[in-house]
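Just one chain is shown here, as structure tokens, and it is the form predicted on its own.
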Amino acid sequence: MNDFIRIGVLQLLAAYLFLAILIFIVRKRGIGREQEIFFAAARMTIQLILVGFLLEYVFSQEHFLYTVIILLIMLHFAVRNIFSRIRLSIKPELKRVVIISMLSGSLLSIAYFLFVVLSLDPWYHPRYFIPISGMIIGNSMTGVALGVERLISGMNDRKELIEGALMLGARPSLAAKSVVNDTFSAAILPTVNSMVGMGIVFLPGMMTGQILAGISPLRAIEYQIAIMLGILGSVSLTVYLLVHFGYRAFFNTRDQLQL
């Protein structure tokens, strides 16, 4: 049960056949994205190799300072990725809301999961702290990025309806309520959908990794259920903070819509 099959260099290189197949299909169909796919795979490989060496060192040291630094780096790049994914123009006020909601929502969820659910001792144990924080931050990042785009496009698409409600005396919170609710629903939907198919349609990554490492499936599902609920909570909290405070960026001090 505890036998671990190690993937050698030649076996790892053989896995790149899947990349070659994709590039062949793209080239044959004339899609013209071969270079983008190749560089994406190359970047993934280099990044994972560097992270592997870094984590190997951090795990051997088990110092709280290294763990905190890596957490801050992950949060920094998560916020950067959110802004790089969004193709629409973002107001400075909305940018501040994105940063605050991402940081506060993720950190609160990570703290609750590690201290209450996992009862991690010491709290900075990197072998648990870093992977779990990465999963929570990564999923929150996806939810916030989707939420920002839906919020901006929703406010623009329903401009007339919102202005009509304002002219009838509605407060901004009521006038923008439908956009806010639709944004929240759309942003958490991918996380909810992944939970629906989990265990029947596919085995999630964390559970698969533990099983491959020789952990009992019954033990693996305990971690997977807990982390999936933690991810759901973090995505919900970060997106809620985003839409709850973010819609105000589209109104001035006189409650007038400004896009």
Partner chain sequence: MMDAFILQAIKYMDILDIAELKIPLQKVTCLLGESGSGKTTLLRLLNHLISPDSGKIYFMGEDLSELNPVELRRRVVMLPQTPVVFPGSVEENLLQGLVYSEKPQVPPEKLTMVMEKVKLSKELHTPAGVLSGGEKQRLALARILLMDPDVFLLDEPSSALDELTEKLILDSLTEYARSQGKTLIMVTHNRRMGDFYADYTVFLEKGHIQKTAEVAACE
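This is a predicted model, so every value here is computed, not measured. Numbering follows the first chain given and starts at 1.
Below: the form predicted together with the partner chain, not depicted.
Remark: of stretches 158 to 166, 101 to 109, 85 to 93, 141 to 149, the one touching the partner chain in the model of the complex is 158 to 166 (heavy atom within 4.5 Å). The partner chain in the model of the complex comes within 4.5 Å of a heavy atom belonging to Leu174. Looking at Ala170, you'd find a heavy atom of it within 4.5 angstroms of the partner chain in the model of the complex. At least one heavy atom of Arg254 is located within 4.5 Å of the partner chain in the model of the complex.
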